[in-house]
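Quick heads-up: it's one chain on its own, the form predicted alone, in C-alpha cells.
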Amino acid sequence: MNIVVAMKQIPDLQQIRIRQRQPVLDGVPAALGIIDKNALEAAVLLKEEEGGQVIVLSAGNEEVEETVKEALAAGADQAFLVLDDSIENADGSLKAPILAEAIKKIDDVGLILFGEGSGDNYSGQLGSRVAELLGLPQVGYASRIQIQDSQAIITRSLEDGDELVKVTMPVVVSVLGDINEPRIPSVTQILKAGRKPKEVLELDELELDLSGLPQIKTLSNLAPETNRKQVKVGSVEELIQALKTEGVI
C-alpha cells in the first residue's frame, strides 16, 4: 500500500521580517509546511508498523524539487511533483484538481494525508477539496491513525471529546499539528535523500482545464499595528509604577 502525503512549499516562517506592517520575503528560503511535516511523520510511522511506501506529493515551481529533499530525508521513499511557475502561489481551488489528478497516476493508494492547514494561509480546505474530486471519504482532526486490514481506524480530537472512526480505504485524512513530533533527519539520511526517486510532471501533462476555476486574490497582508508608549524609566521602582499605571500589573 502506498501512503501519499501532500506537502506544500512555503517561505520559512522563522526568517520572515516585517517592514511597514508588510512581510518581507526577499531572500527568505523555502521550506515545507510545519503541519505537513506532522502528516509526513504519521505516514512514516505507519510504514514502519505496516509496511508499504510513503510518497510525497507537491505542486509548485521548480524550487520544490530541491525543497522536497527535506521530506525524503525524513523518511519518505519517493516524491511525485507537478512543477510549473504559474502555480507557485495558487490557492486551494487551483491546487486541488492538480493534486487530485496527480494522485490518480499513483498506484495502490490507501491513505492520502494532509496537514489540517497550510503554514501560510491555513485555509484548511485542500484535503476536503481533493477528497470531493476523487470521490473518497474524508476524516479530519485526526490525532491517531491505525491500519487494520483494509480499514483505517482514526481517532478524531474534537472540542468536546474524542471520536473513533473506522473507514474503508482509500481515504483522505487531515491530521492535527499535535499528532506527533516530526523526526530530525540524520546527516546520512540527508545525503541519501538526493538519490531517492522523484517523478516530475509538468502541468500540461495533466491535461487539466483550470481556466474557469474561481481564484482567490489577496488584497492585503498586514501585520497588526503596534503603538509604543516610549516611556523612559530610570529604576526598577519606576518600571513597576509605570506598569501599575497602565494596568499591566
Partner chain sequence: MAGVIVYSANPELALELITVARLINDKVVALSINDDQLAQALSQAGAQAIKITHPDLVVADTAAVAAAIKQVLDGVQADVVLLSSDRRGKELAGRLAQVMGAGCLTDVAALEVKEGQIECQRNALGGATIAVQCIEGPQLIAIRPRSYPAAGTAAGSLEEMAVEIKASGVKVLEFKAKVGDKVDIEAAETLVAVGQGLSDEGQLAGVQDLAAKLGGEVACSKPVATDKKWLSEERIIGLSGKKCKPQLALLLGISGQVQFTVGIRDAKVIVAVNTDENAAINYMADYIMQADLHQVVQELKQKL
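Residue numbers count along the first chain shown, from 1. Since the structure is predicted, the reported quantities are computational estimates derived from the model, not experimental observations. Between two forms, the rigid core is the largest collection of C-alphas that superpose within 1.5 Å.
Here the subject shifts to the form predicted together with the partner chain, a form of this protein not shown in this document.
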property: Stretch in contact, per heavy atom within 4.5 angstroms of the partner chain in the predicted complex, of 106-114, 166-174, 80-88, 67-75; result: 166-174
property: In the predicted complex, Ser220 touching the partner chain (heavy atom, 4.5 Å); result: yes
property: Exercise: Asp162 in contact with the partner chain in the predicted complex, heavy atom 4.5 Å; result: yes
property: Partner contact for Leu136 in the predicted complex: the partner chain, 4.5 angstroms, heavy atom; result: yes
property: Exercise: Asp178 in contact with the partner chain in the predicted complex, heavy atom 4.5 Å; result: yes
property: Stretch 221-249: residues contacting the partner chain in the predicted complex, 4.5 Å heavy atom cut-off; result: Asn221, Leu222, Ala223, Pro224, Thr226, Arg228, Lys229, Gln230, Val231, Lys232, Val233, Gly234, Ser235, Val236, Glu237, Leu239, Ile240, Ala242, Leu243, Glu246, Val248, Ile249
property: C-alpha of Pro214 moved at least 2 Å between the shown form and the other one on rigid core; result: yes
